[in-house]
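First, one chain by itself in structure tokens, the form predicted on its own.
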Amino acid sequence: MAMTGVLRPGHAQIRVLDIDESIAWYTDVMGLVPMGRDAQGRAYFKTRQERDHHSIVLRQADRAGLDFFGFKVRDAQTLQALEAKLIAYGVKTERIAAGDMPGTGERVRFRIPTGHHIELYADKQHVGNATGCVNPEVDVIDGPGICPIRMDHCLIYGGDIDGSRAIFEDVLGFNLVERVKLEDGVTDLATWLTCSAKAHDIAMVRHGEDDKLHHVSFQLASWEQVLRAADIMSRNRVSIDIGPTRHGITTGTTIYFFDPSGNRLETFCGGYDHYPDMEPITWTFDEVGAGIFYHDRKLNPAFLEVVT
């Protein structure tokens, strides 16, 4: 597909309870690259393979969770056009000045019906990755921690996932990839959406409370690296929620775990390619256990209910 609008997930700002502990944990256990702090005290990170200045922002707060999730768009003209479409659709937007985050241009922020704040931006400083762009060698993981390829997607919880999905599809050009139906066979319990050829770039679950985060996910290259991540988590006494295991939905392999503040994260590998002419995959409520955890084929209540 021609990527002319929203390109990919770009950053997530996560609330943490102890910024110094979190900086050490995201550096040593996650294996992210520290990119400094700003005047507000926020800490910035990227993965070894990401080329832009940052993808993860940590902000100290009195409760964990997600402040906002950002997507990079093609260029400044695209940003302006998408903002105009949002306004025409009835969505209130806010312009965040260039430089509010280091190396980042002007951002357009808006709130979707599930209560979450989403951002669009076109410009972020290119700082390069671990191998460079000229005659690159294969990237050999030789540093501490899990060392993911990229920040991959997020799963959010809220009430009006239908209204939020409509904005992503009708305004931003996302495609519906998979869905889980409730017992009535009509209402969506959850939806998976993509702006690219990935299995998903954002997912939403219907929930009684708005503006909740289920997880932010990081991509790994192989099932072996997922297992390596599990070893690193165990060695560092990380609280593992589920895994290593496989999803039926997206078919990806996965581990869910918690950072020191209680934010759930995921290491994710695999998934299929999706193209706009594909029919969305539907899971019926009686098979939702296999959809979420393909091996066990049953739901874990804590996995569904614990959010930040």
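Model, not experiment: these values are computed from the prediction. Numbering starts at 1 and follows the sequence shown.
Quick note: we don't show the form predicted together with a further copy of the same chain, though the next part is all about it.
Q.
Only one of these stretches, 90-98, 210-218, 171-179, 104-112, has heavy atoms within 4.5 Å of a further copy of the same chain in the predicted complex; which one is it?
A. Stretch with heavy atoms near the partner: 171-179.
Q: Find the only residue in Ile167, Cys195, Ala199, Leu155 having a heavy atom within 4.5 Å of a further copy of the same chain in the predicted complex.
A: If I apply the 4.5 Å criterion carefully, the residue I get is Cys195.
Q: Consider Pro34 of the chain shown here, and say whether it contacts a further copy of the same chain in the predicted complex, taking contact as heavy atoms within 4.5 Å.
A: Contact check for Pro34: no, nothing within 4.5 Å of a further copy of the same chain in the predicted complex.
Q.
If we define contact as a non-hydrogen atom of the residue within 4.5 angstroms of the partner, is Thr27 a contact of a further copy of the same chain in the predicted complex?
A. The answer is no: Thr27 has no heavy atom within 4.5 Å of a further copy of the same chain.
Q | Partner proximity in the predicted complex: Asp52 to a further copy of the same chain, non-hydrogen atom cutoff 4.5 Å | A | Residue-level check for Asp52: yes, a contact with a further copy of the same chain.
Q: Examine Arg246 and determine whether its closest non-hydrogen atom to a further copy of the same chain in the predicted complex is within 4.5 angstroms.
A: Flag for Arg246 set to yes.
Q) Within 258-295, which residues have a heavy atom closer than or equal to 4.5 Å from a further copy of the same chain in the predicted complex? A) Read in sequence order, the residues that approach a further copy of the same chain (within 4.5 Å, in the predicted complex) are Tyr272, Asp273, Tyr275, Pro276, Asp277, Met278, Glu279, Pro280, Ile281, Thr282, Trp283, Thr284, Glu287, Tyr294, His295.
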